[in-house]
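What follows is a single chain, given as structure tokens, in the form predicted alone.
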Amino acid sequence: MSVHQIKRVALISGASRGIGNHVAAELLRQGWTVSLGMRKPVMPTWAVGHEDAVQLVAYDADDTQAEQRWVNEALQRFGRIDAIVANAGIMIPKTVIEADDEDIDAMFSVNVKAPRRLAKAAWDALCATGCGRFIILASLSGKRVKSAAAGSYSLSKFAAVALSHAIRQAGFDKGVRATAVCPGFVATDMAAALTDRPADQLTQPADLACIIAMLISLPNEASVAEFAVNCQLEEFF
């Protein structure tokens, strides 16, 4: 039986809304089983009637024990983990001069340390499939510092991109492939607070979800280390 005939299981953090919610809905549509990490677990409307393939788990990226609990619950129910989409993230729009240590620590805690713990907790399960997939929702702010106000956020997102490469290096021989997905402005609540561009001129979460579904479905021999997505013209992205 090929891997694409098996009911694959994906864990998606920050699945309550925005990108994470769309990713989970798209994966379910494509036949995946999904475990949704949410601060306040609520069954999404798109999951009604598919409860056998949807798991809700209380997940707080600031809780250092949350990742292992989540992985344990997913394995107990489904017996396997094929992919992780580390989508939960925060932004504090301050320059590196304005930010204090607490601001930097908060962004590193959610944007870098939490996905690293999630990879560590699920590592054996990802390796066991021979084709484990790990997606980190980084940002174009992990590729360049677009503005002074994005500087502190960029520190954490540069680290998130590096984390993705480190995971890819650690697991490549075991079939684990990691990709840093780096979008610019996406039509979410976070972007609405940062840009005056109309929502219909931003990258749509549903389109990003299709990209992520494609990336985690690629064979081991078509590894993509980074995937940049932009709604506007820039020099490189």
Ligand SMILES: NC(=O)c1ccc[n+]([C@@H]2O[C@H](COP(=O)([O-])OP(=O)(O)OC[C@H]3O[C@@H](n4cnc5c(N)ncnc54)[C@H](OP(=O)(O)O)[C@@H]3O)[C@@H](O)[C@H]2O)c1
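Since this is a predicted model, take the numbers as computed values, not measurements. Each residue number is its position in the shown sequence, starting from 1.
Keep in mind that the form predicted together with the ligand is missing from the display, and what follows is about it.
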Taking heavy atoms only, is Val186 within 4.5 angstroms of the ligand in the predicted complex? yes
Is there any non-hydrogen atom of Ala170 lying within 4.5 Å of the ligand in the predicted complex? no
Heavy atoms within 4.5 Å of the ligand in the predicted complex: does Ile84 have any? no
Contact of Tyr153 with the ligand in the predicted complex (heavy atom, 4.5 Å): yes
Which among 171-179, 45-53, 188-196, 28-36 is in contact with the ligand in the predicted complex, heavy atoms within 4.5 angstroms? 188-196
Non-hydrogen atom within 4.5 angstroms of the ligand in the predicted complex for each of Phe78, Gly130 and Ile216: no
Among Ala162, Val145, Ala149, Ile90, which has any heavy atom within 4.5 Å of the ligand in the predicted complex? Ile90
Contacts with the ligand in the predicted complex, stretch 104-129 (heavy atom within 4.5 Å): Val110
